[in-house]
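Only one chain is given next, in structure tokens, and it is the form predicted on its own.
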């Protein structure tokens, strides 16, 4: 089942908005979006991979975003674009525009008198600490907690239940999803004869512009220097980033990945789901870490790193591990 557009548009208007070339009735109206399998004659779908051509040929979609090689396929109105999936993402933004921020502070919000909130929307039961700043156009949802001396840039969205600890800095146009914690103490302890002594964590977390962070992710504050997340970084749900890590611009980190303290990740990297990066290592720019990989030493050459051992019945796994160990010793 598809989704009805919040803002139906003519084929020509949408083609212009996403930079596509239109083939077909310019005045036909797109009323929604759907997958190839479920689309109706009033809905838009897309084909970007030749493997799904058969599905597209049998689809009832009235509008299709396609590459040039597929323009002769079927009877749907075509919106031709070099990257149909990217164009479809742009189309979603046009057909489903986000609700505008309505500047103002709910009387049921707790905003410290020293905080600066100008042109932002602060919803009921949100909390803004002393000397914190929330930029114009930003939206702080209910039950979000912003600590003291926090800086949040313009046009950010902080979803319900987010906690941003004192002293952290969030750039412009960032999105932080529910349950995420920014700036909790890093895991810093020293053993003593009587137990573990806590090491005060006096750094912060500094997040660049255009960053999106999924739900229930934790980014720890630095021990002395800051934990830094670069511009354009995309972080999935349930990711752990420990103290003093540094993530380069436009890197993407998939769900359940974890990195120990002082890990340095370069720009434009892709960190697969459930991968594990041990502390005090560096990952070069443009590296790709496959899902489930344990990275225990620095990566200096761009390209794909894989350390996934396929699951097997336990006895077979033990035999395989023994075989590998023997081959290495030879």
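What we label the rigid core is the largest C-alpha set whose atoms superpose within 1.5 Å from one form to the other. For clarity, every value in this text was computed on a predicted model and none was experimentally measured. Residue numbers count along the first chain shown, from 1.
Below: the form predicted together with a further copy of the same chain, not depicted.
For a residue to qualify, one of its non-hydrogen atoms must sit within 4.5 Å of a further copy of the same chain in the predicted bound form; all three of 124, 237 and 276 qualify.
Among residues of the shown chain, residue 7 is not one whose heavy atoms approach a further copy of the same chain to within 4.5 Å in the predicted bound form.
In the predicted bound form, at least one heavy atom of residue 195 sits within 4.5 Å of a further copy of the same chain. The closest heavy atom approach of residue 46 to a further copy of the same chain in the predicted bound form falls within 4.5 Å.
Taking the partner from elsewhere, residue 147 is found to have a heavy atom lying within 4.5 Å of a further copy of the same chain in the predicted bound form. The contact with a further copy of the same chain in the predicted bound form, taken as any heavy atom within 4.5 Å, belongs to 109 out of 76, 174, 109, 206. Residues of 86-116 lying near a further copy of the same chain in the predicted bound form, listed in sequence order, are 86, 88, 89, 92, 93, 96, 107, 108, 109, 110, the criterion being any heavy atom within 4.5 Å.
Taking 2 Å as the criterion, residue 13 does not count as shifted between this form and the one not shown: its C-alpha moves by less than this amount when the rigid core is aligned.
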